[in-house]
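Shown next as structure tokens: one chain only, the form predicted alone.
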Amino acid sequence: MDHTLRVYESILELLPSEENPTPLVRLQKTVPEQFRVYAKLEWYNPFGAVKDRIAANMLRDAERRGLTPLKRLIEPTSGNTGIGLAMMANARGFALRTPVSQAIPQEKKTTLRFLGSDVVEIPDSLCPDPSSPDGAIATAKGIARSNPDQWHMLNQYENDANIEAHYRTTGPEIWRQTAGRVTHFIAALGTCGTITGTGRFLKERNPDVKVIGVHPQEGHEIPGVRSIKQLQVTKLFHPEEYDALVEVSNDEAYDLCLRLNREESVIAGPSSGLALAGALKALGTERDALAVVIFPDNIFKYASFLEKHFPQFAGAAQHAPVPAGQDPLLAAMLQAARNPHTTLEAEEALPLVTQQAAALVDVRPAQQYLQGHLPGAVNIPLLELSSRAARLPRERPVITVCNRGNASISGMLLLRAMGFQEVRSLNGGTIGWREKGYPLER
């Protein structure tokens, strides 16, 4: 194929390689003048993200191992790998099911469904937690094990073909694009295939290349990346091969994401802001560095998260979508009930929980409650709350809890209507609580 003309017989021919690399763009305004920092723009992959590389290589590896023709794949995802696989499934004619966390951006879930994937939403962290017995990864493994003749799981979280994808493509591209002058390679940490595969290739060419991994703080809200706690159980995480690990806060990542879009005209998403913030910390005062930073995908999949972190950019009407079958007037009333007097954040609730200073009422169905709940919480499903509320103490504050802080609003309003004075709903619910690194019990 002739990449100079960019005329192709199939969309899959656009997949990147040493001869057809994704671009490097030097950052001029968001980095100090003495640094040479290049962003590798991975949304130039055919389906919009760095994960297209691993989706293609895992399929290639499956073919090499004689697993084709694949008919039905199941793959847990935080969005981008699923999108790449969904489009390849469309091109190659197989079905795809994607267990995902309820916490990932709505834009990604909608896109996956639009592309033809069977999306299964599960309580989990933003990047599926390998240690969660009821999370997206465990769910996919269970289905694949129990129905091996029907389902195959590629398993991006443990598959060495993930690492190999970057060893075969990302590393050689960077080496060629910088004429071997690259001194630092920086990537945000999710499955860790990018940093491990690319780092291995670059260090084989020059052992002095510094490989830097960037991770968010515990309780972060940056899709697709993992905190240091979650990285400890990540099979492709090899910190002994990296030169440094750098932690970046939510605010640092989102603020730099905004600057990249406003000042550099680079349409980078939140994990790109995270990676660049880590790169700038790692570079310190070095003046002769030539750093390459992976920018995994663009900003357009994260509008709902941007509204949360930058409310000044939201439209005038900031109403939650009306769930199917719910009366629009009721939905509007529940949305209007959200304010600092009726809700509280996980950080505010933590001392009340640890000191047992509040009664915790988990309004979810019993099955969800048993999968994990706040310490000391009692389970009173929402439909039973009016008949069982008399058992609750009135001398202590009451906190209502659900998965994400939606059903708990109804519980809070019901208890207030019944005369309970100090009742608030937990924003983010048990999922947000777990993402903050706070304990759950079973």
Ligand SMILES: Cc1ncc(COP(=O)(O)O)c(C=O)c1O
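Heads up: residue numbers just count along the shown sequence, starting at 1. Everything quoted here is computed from the prediction, not taken from an experiment.
Absent from the display: the form predicted in complex with this ligand. The rest refers to it.
Worksheet entry | Heavy atom of Glu75 within 4.5 Å of this ligand in the model of the complex | Heavy-atom contact with this ligand at 4.5 Å: absent for Glu75.
Discussion item. Is Tyr302 near this ligand? Define near as a heavy atom within 4.5 Å, in the model of the complex.
Written reply: Close contact exists here: in the model of the complex, Tyr302 approaches this ligand to within 4.5 Å, heavy atoms only.
Discussion item. Does any part of Thr191 reach within 4.5 Å of this ligand in the model of the complex? Heavy atoms only, please.
Written reply: Yes, Thr191 sits close enough to this ligand in the model of the complex that at least one of its heavy atoms falls within 4.5 Å.
Worksheet item: Looking at the partner-bound form in the model of the complex, is Asn80 within 4.5 Å of this ligand by any heavy atom?
Response: Within the cut-off, so yes.
Discussion item. Each of Lys51, Gly224 and Ser271 having a non-hydrogen atom within 4.5 Å of this ligand in the model of the complex: is that the case here?
Written reply: Every listed residue reaches this ligand in the model of the complex, so yes.
Discussion item. Only one of these stretches, 278-286, 254-262, 294-302, 135-143, has heavy atoms within 4.5 Å of this ligand in the model of the complex; which one is it?
Written reply: Going by heavy atoms within 4.5 Å, the stretch is 294-302.
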